[in-house]
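Two forms of a single protein chain come next, each set out by itself as C-alpha cells; they are called structure 1 and structure 2.
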Structure 1
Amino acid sequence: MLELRAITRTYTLGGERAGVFEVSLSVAAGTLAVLAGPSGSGKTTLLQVAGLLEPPDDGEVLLEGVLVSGLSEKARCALRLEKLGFVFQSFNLVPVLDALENTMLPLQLQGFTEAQARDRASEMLARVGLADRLAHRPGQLSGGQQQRVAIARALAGSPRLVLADEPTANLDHAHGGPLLELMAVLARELGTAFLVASHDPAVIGRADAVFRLEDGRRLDA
C-alpha cells in the first residue's frame, strides 16, 4: 500500500542537520505499522513525507504502486483528500461542531451530499463505539472519546492509508490500550493501512510491523 524508498528530508536545528536519512519501508493494506523511536528520531518528519505534507529532498513515495512524491501541490492535496486520513495527538476537532459534524467535514469536502455525509459519518461513529455521542461537542467528550471521533473522521472518506502521530500521548493507559486495539481491528476489517508514530511500548507491542528510528535512520533496516 505505502512504500517509502530511501527517503531523505532534512532541516537545520540548533545549527545541526536533522530529519530523516535514506529511510525505506513498506506498509501493507490492512495492517497497523508503527514508527518507533525517541523524540527527535525523525518519526514526525517521516509521517509528513508519507502524508504528502512535505516533499522529500531525495527518495520516492509510492501509494498503491504509483509514484506520488513528484506530483504538484494541487495534485498532492487532491490525493490527500481522496486516499489519506490523519489522526493527531491533540485530536484537532472543531470545538463548535458536534461529533457528527466533525466527522462529516472530509466527506463534504469530497462532494458528498449532506444526507450522504450524515449517514456515512453516523456509521463510522457507530463503528468506533460512539453511536450515542453524535450530538456531543468535543468539550463534552473525554480524551479517549475525542480521539475516537478523530479516527472516525480519518476513516469516513474510505482512505487507503491513515497516518497517526502519537495518537495515545494525551491519553492514560486505560484509554490508550483500547484505542490501539480499535485501530488494529479497523485496519483488518476495512483493509486500510495504518502508520502510527509512537514511543509508547503498548502501541509498539500491538503493531503488525515496527520500524525503529534513531537520529533519523532506521535501526532495523
Structure 2
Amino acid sequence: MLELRAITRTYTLGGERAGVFEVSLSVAAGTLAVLAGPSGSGKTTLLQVAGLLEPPDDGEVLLEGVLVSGLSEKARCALRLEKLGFVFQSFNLVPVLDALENTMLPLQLQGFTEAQARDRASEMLARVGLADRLAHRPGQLSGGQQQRVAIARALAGSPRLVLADEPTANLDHAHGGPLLELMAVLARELGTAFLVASHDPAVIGRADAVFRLEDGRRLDA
C-alpha cells in the first residue's frame, strides 16, 4: 500500500543537519505498522513525507504501487483528500462542531452530499463505539472519545492509508492500548493501511510491524 524508498528529508539549523536519512519501509493494506524511536529521531518528519505534506529531498514515495513523490502540490493535495487519512496527537477536532459534524466535514470537502456524509459519518462513529455520542461536542467528550472521533473522521472517506502521529500521547495509559487495538481491528476489517508514530509500549506491542528510527535512520533495516 505504502512504500518509502530511501527517503531523505533534512533540515539544517545552526549548522546541524537533522531529519531522516535514506529510510525505506513498506506497509501492507489491512495492517498497522508502528514507527518507533526516541524524541527527535525523525518520526514526524517521515510521516509528513509519507502523507505528501512535505516532498522528500531524495527518495521515492509509492502509494498502491504508483510513484507519487514529485507530483505537483495540486496533485498531492487531491491524493491526500482521496487516499489518505490523518490522526494527530492533539485530536484536532473543531470545538464548535459535534462529533457527527466533525466526522462529516472531510466528506463534504470530498463532494459527498450532506445526506451521504451524514450516513457514512454515523456509520463510522458507530464502528468506533460512539453511536450514542453523535451530538456531543469535543469539550463534552473524554480524551479517548475525542481520539475515536478523530479516527472515525480519518476513516470516513475510505482512505487507503491512515497516518497517525503519537495518537495516544494525550491519553492515559489505560486508554492507549484499547485505542490501538481499535485501529488494528479497523485496519484488518476495512483493508486500510495504518502507519502510527509512537514510543508508547502499549502501541508498539499491538503492531503488525515495527520500524525503529534513531537519529533519522532505520535501526532494524
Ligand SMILES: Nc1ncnc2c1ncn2[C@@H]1O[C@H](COP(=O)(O)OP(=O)(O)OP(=O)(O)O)[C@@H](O)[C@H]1O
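Structure 1 provides the reference sequence; residues are numbered from 1 along it. Keep in mind that this is a model prediction, so the values were computed, not measured. Under this definition, the rigid core comprises the largest set of C-alpha atoms superposing within 1.5 Å between the forms.
S.K.: Which of the two structures shown, 1 or 2, corresponds to the form predicted alone?
M.R.: Looking at both copies of the chain, structure 1 is the one that matches the description.
S.K.: Rigid core fitted, then: does A209 show a CA shift of 2 angstroms or greater between structures 1 and 2?
M.R.: It does not reach a 2 Å shift.
S.K.: If the core is used for the superposition, what shift in Å does the C-alpha of L13 show between structures 1 and 2?
M.R.: For L13, the C-alpha ends up 3.7 Å from its position in the other form.
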